[in-house]
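Two versions of one and the same chain are coming, encoded as C-alpha cells; call them structure 1 and structure 2.
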Structure 1
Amino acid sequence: MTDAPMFAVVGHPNKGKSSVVATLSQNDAIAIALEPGTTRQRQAYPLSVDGQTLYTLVDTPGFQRPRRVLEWLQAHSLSASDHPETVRAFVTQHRDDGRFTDECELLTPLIEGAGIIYVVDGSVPYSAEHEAEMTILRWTGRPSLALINSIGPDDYSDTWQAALGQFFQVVRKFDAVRAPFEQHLSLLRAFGQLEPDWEQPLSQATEHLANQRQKRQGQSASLIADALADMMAYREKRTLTLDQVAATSDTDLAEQLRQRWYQHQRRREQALRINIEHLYQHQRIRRQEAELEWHNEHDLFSEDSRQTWAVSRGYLATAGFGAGAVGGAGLDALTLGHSLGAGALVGGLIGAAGSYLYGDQLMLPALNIGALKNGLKTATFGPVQDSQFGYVVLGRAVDHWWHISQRNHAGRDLLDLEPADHHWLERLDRRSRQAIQQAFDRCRKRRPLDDRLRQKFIAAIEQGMAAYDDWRLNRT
C-alpha cells in the first residue's frame, strides 16, 4: 500500500468537525462538545486495520478571524499563481501571533500536504463569513471536499450546495452521528476522486474496512456462542462444614445460591456486551446496566425480557424435533441403518415434546441440597432446565450487537436497547434453528460442545444476526 492520505477537517467553530473525525477514525475518545473552542490544537487521528494505517484525519480548531486573514492574503498576493505560497507565508509570519492561533493550526496541515474536508452545518444559513473561509481554503490549492452536516432541525442544504459547489471539488451531505456504514465507504471513495495518488490507497481502505466489518460480525457471533455456552451450563455450588450447616437453613441456603446464580449470569451478560463494544472500538458507551436493579424491565430475568425474547411453543417444538432427530440419527448410524430411521424419529419426538412443555415459561434452575456426608454438605443451583433462557440471552445479545454495529463513534447518547416487537428468529432457516436448539440442549445438560458443534453453533448465530439485521432494516 502506498502512503496513507491525510485530510484536515476544517470549518467554522462548533459545526461538527470533531463528530466527523470521530466517526471516520472510529474513535469515540474524541471530545465533542456544544461549546465553541473545544478543539484548540490540531490533532491527528490515524485509522489503522491490522497495524496498517489506511488514512489519517486531522481535527483542527475553527476559523476565528477569516475576513482578517483573507484581507492579509489579498494584500500580499500579486496573482493567483502565488496563492499557496501566500498562505504559507501567512502561517510562517503569524505562528506566534495570538490573534491567529486557530487559523495557523488549521492551515498548517494543509501547507504540509493534507487534503481539505470542509464541514458546514446545513441547518444554519450561509453567510459572507463562510465565503471568506472558503476563499482562504481555495487559496491553499489543496484537493477539497465539503460536507453538509446538519445539526439542527432547519434545512438550508440547497443554498449551501449551490455555494459550496463553486469552491470545492466534491460536495456531500453526511450525518456524522447517524450515517450508515455504507455512507462511510461511499465518502472514502469520494476522497479518492480528489487526487489521483489517493485513489488506490482509498480503494484499498474501503476494502479493508468492509472486510473488517464482516470479520467483526463473525467474532461477535463467536463471543455470543461462548457466553451462551457458559450461561446455559453454569451451576452455583457451595459446600458447607458442620458449623455452617448448623447456622444456615435450607431456605436461606437456597436463596443465597439463587442470588449468586442470578448475579453471575447478569455479570456474564455485561462482560459479553463490553467485549462486543470493544471489538467495534467503542470504549466509552454509557449503558443501562447500572439501572438494572431498579429499572426492572431491562433486567435479564424480568417478565418483560421473557415476553420479548422467548420463542413460541411452535418454534420450540419444531427446533426441538430437529435437534432431537439429529441426536437420534446417531443411533441409526450405530445400527448401520437397521433401525430404518426410527432413532431419528423417536429422538425428534422426544425433543419436540420436551421443548413444547417449556414454551410459555422460564424454568428456574433445579436446587439440589445433598445429604450430610463426611461432615460436609453440598448444595447446587443450576444449570437451567429449559432452552427459553438461552433464547432470551441470545435475543438480547443479538439486539445489543446490532445497536453497537450500527452506532457511529460520534454518538454520545445513552445506548437505548429498545426491545423488538416481532420475533426475528422466525426468519431463520431450519438448519440454523436446529443447531441453536441442539447447542442449548447440550449445554444445559453440561455436555461440552466439540469443535464441530461449536462451529455449527457460531454459524447459526451469525445467520441469526443476519436475519435480525434484515428485519431491523426492513420492518415497517
Structure 2
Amino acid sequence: MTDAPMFAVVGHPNKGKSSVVATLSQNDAIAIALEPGTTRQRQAYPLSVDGQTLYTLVDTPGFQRPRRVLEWLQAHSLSASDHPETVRAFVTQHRDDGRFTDECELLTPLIEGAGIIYVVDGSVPYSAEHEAEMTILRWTGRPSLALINSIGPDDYSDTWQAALGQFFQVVRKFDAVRAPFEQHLSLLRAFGQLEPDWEQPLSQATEHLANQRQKRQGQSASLIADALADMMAYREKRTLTLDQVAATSDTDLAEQLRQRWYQHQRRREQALRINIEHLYQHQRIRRQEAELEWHNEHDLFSEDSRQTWAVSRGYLATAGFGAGAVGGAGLDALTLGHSLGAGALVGGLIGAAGSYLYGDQLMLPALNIGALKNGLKTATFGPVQDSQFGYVVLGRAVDHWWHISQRNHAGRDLLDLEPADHHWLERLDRRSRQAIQQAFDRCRKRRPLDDRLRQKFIAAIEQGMAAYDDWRLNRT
C-alpha cells in the first residue's frame, strides 16, 4: 500500500494557515492569533481511521526571507530538472541557520513528499511580494493547491484567483472560520484530485467524516433526550427533623428547595452543553452565558428564555391531544375496538385541555411536605408541573447544538446564543410532536421511559433538530 498523502499548509505569515488546519483537523486547541509568528514550528495533524492514517495536514510557519532563498536556489541551479534537488540542498545546508528556520520548517515536509496547500488572505489586495514564495514552491515540483481564505470583510479574491492560477494546479476559496461542513469535504476531495494515488484515501476520509457527522447528530439527540428526562423528572428532596420543621417556615423551605432545584437544573443543562461540545471536539468554547444569574436574559428560568422557547397554547393543545390519544387508544385496544375510538378521543381531549390550560405560564414545582415517619419529615420540590419547561430546555438545547455543529474549529470568538424570533417547533411533524409531549408527560410524572419510548423520543428530537436546521437555513 502506498503512503498516506501529506499536505503542507504554507504561505506568507499571518494569512490563516493555522485556521485552515484547525478547521480541517477539528482542533480548537491550535494557537491562532492576528500576530505574525504565532506558528513557530511545523506540526503534523494526521487523520486516521482505526489507526490507519488516511492523510496528514502539516501546519507550518510563514515565509520570512523568500527572495534570499530564491536567490540561493537560482545561484545553485543549472536547469529546471534540478530544482527539487536544489531545494533539498537548501534545507540540508540551512537547517541550523537561524535566519532560515521558518523556511526550513515549511520546506521540509515538501521535500519529504507533501502536497502544497498555499494559503492567501483574499480580503487584502494581491501583492507581488508573494511571487518569490510561489516560485520557490513551484521549484519543489510538488502537486499544489492554493486556498483563498478571507480574514477580513473586503474581497479581492478575483485578482488573487488570476494570479494564483499561474502558479498552482487548483485554486479554491475557503473561509476557514465560516465555511460549512460540506465545503470541508469538498476541499478534501479537491486535495485528492492533485495526485491519482491520493484520490482513494481522501475519498475514504471524506466518507468517514460525513458518517461521523451524521452519527454525531444522533448522539446529540440521545444526549438531549437523557438530559430532558432527568430535568423533567428531577425532584429536590430534603429530610427534616421535627425541630427543623418547626424552625423553618414553609415559605423559607420552599425558597431554599427552589434555589437548589434551579441550581441543579442549570448544572444539568451546562453538563449537556459540555457533552455536546466535546462530542463535536470543541473543548475550549467560551460561552457568553457562562455565568448564569436569575436576572440574566440567557438564564434557563428567565422570562426571555420562556418567551423565546416556550410553545404556543395551540401547539401544546395539538401535541397534548396526540399524546392523550395515544394513551386513550390503549383503552380502545382493551375493548377490542368496541369503544369505537372513544378512548382515543376522550384521552386526546383531556390531553389537549390539560395542555391548553397550562399553556401560557411556566408552572414550576410546588413544595410538598410528607407525613411524619420515624420522627422525620421529608420535604420535596419538583418535579416540574407542566411541559413548557421541557420545551424551553429542548429549544435551548437544540439551539446550542445547532451553533456547535455549525461552528468551525478555527472560530475563537465567544459563543453567543442569541434568542430566536420565531418558534421553530411549528415545523415539526405531528408524530414527533406527540412523541415529545408523551415523553414530557411521562417524565414529569416520574414514570420511566422504556426503551421503545426512549427511541421514539430520540427520533423525535432528531426530527426537531432537522426542523430547526431547516428553519435557520430559510430564516435569512
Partner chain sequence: MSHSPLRLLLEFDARSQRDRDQPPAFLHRRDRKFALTCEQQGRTPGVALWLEHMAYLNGPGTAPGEARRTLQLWRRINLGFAALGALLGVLTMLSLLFFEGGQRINLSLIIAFVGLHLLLALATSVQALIGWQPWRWLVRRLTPRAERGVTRRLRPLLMARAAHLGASAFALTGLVTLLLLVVVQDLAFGWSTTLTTGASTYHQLLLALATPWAWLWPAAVPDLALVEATRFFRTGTGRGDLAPELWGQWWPFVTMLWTTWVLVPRLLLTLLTQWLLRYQAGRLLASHPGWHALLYRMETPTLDTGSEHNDADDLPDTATQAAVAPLPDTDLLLCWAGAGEPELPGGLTGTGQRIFRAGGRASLADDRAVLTEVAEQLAQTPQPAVLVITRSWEPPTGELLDFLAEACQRWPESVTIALVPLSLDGQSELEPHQLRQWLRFAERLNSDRVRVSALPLAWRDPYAASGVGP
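One-based numbering along structure 1's sequence throughout. In this text, rigid core is short for the largest set of C-alphas that superpose within 1.5 Å between two forms. Being a predicted model, the structure only gives us computed values, none of them experimental.
Matching the description of the form predicted together with the partner chain is structure 2; structure 1 comes from elsewhere.
After superposing the rigid core, the C-alpha of S79 moves by less than 2 Å between structure 1 and structure 2. With the core superposed, V91 shows a C-alpha displacement below 2 Å between structure 1 and structure 2. With the core superposed, G314 shows a C-alpha displacement below 2 Å between structure 1 and structure 2. When the rigid core is fitted, S249 shows a C-alpha shift of 2.7 Å between structure 1 and structure 2.
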